[in-house]
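Coming up is one lone chain in structure tokens, specifically the form predicted alone.
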Amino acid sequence: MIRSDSPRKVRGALEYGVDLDAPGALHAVLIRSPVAHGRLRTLDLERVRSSPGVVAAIGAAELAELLPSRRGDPSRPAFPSEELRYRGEPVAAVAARTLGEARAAALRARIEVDPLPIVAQIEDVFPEWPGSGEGESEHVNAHVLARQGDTERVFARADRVVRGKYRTAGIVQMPLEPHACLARVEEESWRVQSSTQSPFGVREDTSAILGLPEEQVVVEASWVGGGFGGKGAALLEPYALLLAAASHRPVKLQLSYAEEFELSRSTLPSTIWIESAMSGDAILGRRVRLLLDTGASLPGRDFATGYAIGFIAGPYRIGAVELEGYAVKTNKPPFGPHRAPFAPQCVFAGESHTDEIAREAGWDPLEFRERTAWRVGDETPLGQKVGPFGLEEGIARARAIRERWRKELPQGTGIGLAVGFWSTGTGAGGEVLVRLGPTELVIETVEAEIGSGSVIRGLVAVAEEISGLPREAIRIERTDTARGPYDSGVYGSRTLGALGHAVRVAVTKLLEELGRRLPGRGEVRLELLDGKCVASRGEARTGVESLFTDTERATSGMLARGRHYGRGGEILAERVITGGFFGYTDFTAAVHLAAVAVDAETGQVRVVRYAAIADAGHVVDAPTYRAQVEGGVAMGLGEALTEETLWSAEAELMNPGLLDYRVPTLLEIPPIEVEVIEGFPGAGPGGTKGGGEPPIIPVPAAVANAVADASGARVRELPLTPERVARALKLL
């Protein structure tokens, strides 16, 4: 069935961030640092201001005039006045009548910098795992440590210890649409339309950076041409608003595609060490060590470190576990989340290691996982009880698929298995306003559809189930942060879980109120008859408009507000030594199989088949859910085989474009089998589980394990380029 936004997208009738415009709007360009690290000695914008078409040019010196008596977050200055932390950091901005004039003017800025030492890679700070006391380096912005059981004792009595070191690369989110926004400042209202996954998140960030009250900043989301985690925080909005304040004109600011690569907060490179103490098929203990490159990060990256590190240990019964991680600042742009933030990289390391220990012990890797994987009621390393979980069922289905493939595929084809898990993000708040009118049900939200269907289809599907109305009678209406109900954003597989619950609550309130106005007893449902909304109770049918009060008729219908603030899982605080660790709301399994052919002369890897088994809890729209799984696999294949950001020793991005940063083409995506498991309820409405993140999580690990199965070569670094595979095969 066609999604409601599809016809408009095909016709090009939707307004995305890059399409935003206004009468008299200026075009803006950022003036950026020429070095990765330095002390700003001179910033002279006089030649910029005298350039043709320029209306405003601003840097740190102009902030006091534009923001009198306001003080923003000192850790996040709009423009740096002293230290430059990364190449391309905005030091000023210019607005002109045309984009060409703005670009030409920006080149005339005079910037003089005293260079400072550059930290380009994790290894510049920690060539190996830091020893005692070394972790107190000024380059560390987060440290986490948790422990379950006596790891020293179990490692001392182990039959064998298996160790591995793994590296992962930075990944660019790669939306088709770069970041873009349009800003206006009118008296006390600082308004911005933006291609964003989180309007309230942008409002919060922008008000903190500019030192403005949150209620003074109004954010409205446009349609979003892809986000994948990269559009969840403020990026361009503060600069556009400052230029709008300086010029008294609307200002459009949009990144070029090269700038999208350089500034859009791609995901984090890492080095991971794992060692497991083994006795037979039992994992007595596991130590995990993580060094995470956060770039010139903002404070608070311990969330990325403390949340992600749990995925490395894996969903296995382990006697004792120690998890330790450091977030390391480098002179690269601040990094951020990518679809399933850092989980695919963690699972690549953890599942590669699990495959290795199984094979070393002489076990079939699938059977090893069957024997050791979490079951409902087991305990995580942080003491949380495992809830309904489709992992065991997923592995059983994987066994059947693998046996079929072995009969169908030619000899020499490697088959790799990997498992992963995720948690539906129902916390952080979700609210909607639902209006029942004479002919339709309207769901009012600040959130824009980012492409996954979670807003335009997922919320509608929940309203369908609860109300009884068909989808053509249910509409999403988007508003801004000044008028709309609060929600934290479309990210983290949380939209259906949090906002879906809010829709369920609001629609249920409407049905209950209709029940009070109707005669009789029993369940009330809604129907659409001859284009009108009708309330049904038993055999009776009543047009809803006749049940409205005079006020409701005057305001287009009955209103109900729904809100949902979920609770995360509880962990045992005594197991946390330092830093922030987080429990899981629910347990969503993903079990994947990859079949690959490896060229023994070149190291080229070709994925010939793929199977994704998804623990969905309850599916509210099957075509949309399957599309999410297929899209996650396709994106994961890029992480597995081709995608990585390449940085020079001077912390300069060497491949800021699609010629050198390679994403898979359609011809490189194999047939994808999708199997959906229902019946293990999650935290979302009706037992749904998040579907956006889980499908990407096991992909790099499944491909790496398939390469090892096909060739005997274990590649411990992402992506699995022909050169790295060839080196593992000892061809180079």
Partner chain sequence: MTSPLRLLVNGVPVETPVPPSERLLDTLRWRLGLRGTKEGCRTGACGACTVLIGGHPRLSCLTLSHQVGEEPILTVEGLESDPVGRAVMDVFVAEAALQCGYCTPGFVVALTGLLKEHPGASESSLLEGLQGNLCRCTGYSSIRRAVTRLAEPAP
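Residue numbers count along the first chain shown, from 1. From a predicted model like this one, the values you see are computed outputs, not experimental measurements.
Beyond what is shown, the protein has a form predicted together with its partner chain; the following relates to that form.
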Does E177 reach its partner chain in the predicted complex if we count a contact as any heavy atom within 4.5 Å? yes
Classify A634 as contacting or not contacting its partner chain in the predicted complex by the rule of any non-hydrogen atom within 4.5 angstroms, answering yes or no. yes
Decide whether L667 counts as a contact residue for its partner chain in the predicted complex under a heavy atom distance cut-off of 4.5 Å. yes
If you check in the predicted complex, is E630 within 4.5 Å of its partner chain, heavy atoms only? yes
From the list Y257, Y486, W405, F582, which entry has a heavy atom within 4.5 Å of its partner chain in the predicted complex? Y257
The one option of I677, I672, L66, L43 with any heavy atom within 4.5 Å of its partner chain in the predicted complex is I672
Region of this chain that lies against its partner chain in the predicted complex, out of 611 to 619, 542 to 550, 371 to 379, 635 to 643 [heavy atom, 4.5 Å]: 635 to 643
Across 223 to 246, the residues having a non-hydrogen atom within 4.5 Å of its partner chain in the predicted complex turn out to be V224, G225, G226, F228
